[in-house]
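Below you'll find only one chain, the form predicted alone, shown as structure tokens.
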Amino acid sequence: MSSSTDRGGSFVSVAHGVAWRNLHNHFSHPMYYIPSLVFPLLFFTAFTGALGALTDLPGFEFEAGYEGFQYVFVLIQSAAFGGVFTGFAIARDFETGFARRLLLAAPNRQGIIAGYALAALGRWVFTALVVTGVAFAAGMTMPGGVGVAGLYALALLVNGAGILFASGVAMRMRTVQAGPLMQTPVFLALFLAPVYVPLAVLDGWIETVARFNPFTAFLEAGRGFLVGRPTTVGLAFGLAVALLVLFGWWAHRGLRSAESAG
């Protein structure tokens, strides 16, 4: 019993320590948190300002307006990249030697991944609050009421999948030069989904690719939550949980790779 309690306590202490350090470093340096804010805000302002006329297309019906339509994309995008950017922090920790010292000192190394995941969540929550405030200022409405909680729950799962994927890459490569390997797959998946118009309006090869893209289900479900017409909910949450399991295994194997490297 005491051994089990000790392991649980060490897991919590390691996770807490890693999360606190990462969040402290992140919010203490504008060079870290400003880019993570500018990226989604730039997308939101650029898309809503330049592409708002797309709502006049036949078949484009969305009660929350184009601001709401793009808000869901930007929220999901910020959740995914919140995890990816935390992966950069893991890679930096390996380059500075901190992560290797942590691997030697941590009594429960699974707590290391958990700590970075908590940090990614904290970073994303801050970004989401700012993005949401800007969206409301731009005229967005939320016809879905309390059902919008489903959108945030889905984004939280996407954030978790993002950090698990990125940590698996970072712990294998152990250098910030691995940044493109973390960013590019997520970037491509996001922009091969129905970003600018609904899936029903897409045509050609992009429509075919979008139908098999997990982010399409996330966006469709999120937009449904926003306007109070839930759709593809089971598919979206099922895919999100599947990605968490898959990338959880990927991150675990990455941790083993880092341990083996010494």
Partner chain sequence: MREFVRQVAVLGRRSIMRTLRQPASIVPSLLFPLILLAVNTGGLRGATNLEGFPTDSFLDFALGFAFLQGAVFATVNSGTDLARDIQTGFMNRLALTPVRGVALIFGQLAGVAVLALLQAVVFLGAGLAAGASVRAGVSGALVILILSFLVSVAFAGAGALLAVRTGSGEAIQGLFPLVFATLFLSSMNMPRNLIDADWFRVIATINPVSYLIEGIRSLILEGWNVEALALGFGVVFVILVVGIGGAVLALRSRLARV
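In this text the structure is predicted, and so the values were computed from the model without any measurement. Residue numbers count along the first chain shown, from 1.
One more form of this protein, predicted in complex with its partner chain, exists but is not displayed; see below.
Colleague: Can you work out which of 114, 186, 130, 192 has a heavy atom no more than 4.5 Å from its partner chain in the predicted complex?
Modeller: Looking at 114, 186, 130, 192 one by one, just 192 meets the 4.5 Å heavy-atom criterion.
Colleague: If you check in the predicted complex, do 142, 235 and 243 all have a non-hydrogen atom within 4.5 Å of its partner chain?
Modeller: Answer is no for this spot.
Colleague: Give a yes or no for residue 200: in the predicted complex, does one of its heavy atoms lie within 4.5 Å of a heavy atom belonging to its partner chain?
Modeller: Output for residue 200 is no: heavy atoms all beyond 4.5 Å of its partner chain.
Colleague: May I ask you to check whether residue 27 falls inside a 4.5 Å heavy atom distance of its partner chain in the predicted complex?
Modeller: No - in the predicted complex, heavy atoms of residue 27 and its partner chain never come within 4.5 Å of each other.
Colleague: Is residue 60 near its partner chain? Define near as a heavy atom within 4.5 Å, in the predicted complex.
Modeller: Taking the distances in the predicted complex, the answer for residue 60 is no, it never comes within 4.5 Å of its partner chain.
Colleague: Does residue 231 reach its partner chain in the predicted complex if we count a contact as any heavy atom within 4.5 Å?
Modeller: No, residue 231 sits far enough from its partner chain in the predicted complex that none of its heavy atoms falls within 4.5 Å.
Colleague: Can you tell me which bits of 196-235 touch its partner chain in the predicted complex, meaning any heavy atom within 4.5 Å?
Modeller: Those in contact are 196, 197, 202, 203, 204, 205, 206.
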